[in-house]
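First, one chain by itself in structure tokens, the form predicted on its own.
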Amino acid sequence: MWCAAELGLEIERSDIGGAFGGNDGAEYLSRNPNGKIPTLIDKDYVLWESNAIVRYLCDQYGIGHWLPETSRKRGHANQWMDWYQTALHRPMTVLFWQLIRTKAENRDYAAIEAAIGECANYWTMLDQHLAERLYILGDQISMADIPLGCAAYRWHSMEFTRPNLPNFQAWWSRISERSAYQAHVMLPLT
């Protein structure tokens, strides 16, 4: 939704899954056999998986800096988007489920501490990468910033002690000023 808003697209949002249900019915499963969210329906085109949807929206409707202009820049955008999925997503999910979705008396505090440490190591990598850049790919925000920007909000919204990562913090502060990010990402964690 953040990406669509940044691109100025009018999207009809349907709340599915979790407390809303509906992701296990035949109609939804015919479009997304995983039964997970999100699923994008663009006229007769159906696509699922968050990063695939962001890439598609930027490729199909992107203007300016959202879709990097060269194959090398797109390669780096894909690298960081995939890095989020393959490295950072798992420990961030542990933190989210343990700190937001699990009652305090049922939490696995060893798993929480391990996930904080693992995430801190990954965020430190990003902090170092951002030492000479305003955004993931350079001076302009792009599709590469979207998955990491969403995760950065969760990281900063949960209650635990975080390492001091000034470049990461400055990047997140810049993203947090964007109205589309505020409207679609900076929502209460539930």
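One rule holds for the numbers: they count along the sequence shown, beginning at 1. No experiment lies behind these values; they were computed from the predicted model shown.
Keep in mind the form predicted in complex with a small molecule is missing from the figure; the text below concerns it.
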Inset, instruction - Check whether residue 38 has any heavy atom within 4.5 Å of a heavy atom of the small molecule in the model of the complex, and answer yes or no. - result: yes
Legend entry - the small molecule contact in the model of the complex: residue 23, any heavy atom under 4.5 Å: yes
Inset, instruction - May I ask you to check whether residue 85 falls inside a 4.5 Å heavy atom distance of the small molecule in the model of the complex? - result: yes
Inset, instruction - Tell me, yes or no, whether residue 127 is in contact with the small molecule in the model of the complex, where a contact means a heavy atom of each within 4.5 Å. - result: no
Inset, instruction - Work out which of the listed stretches, 66 to 74, 118 to 126, 43 to 51, 138 to 146, brings a heavy atom within 4.5 angstroms of the small molecule in the model of the complex. - result: 43 to 51
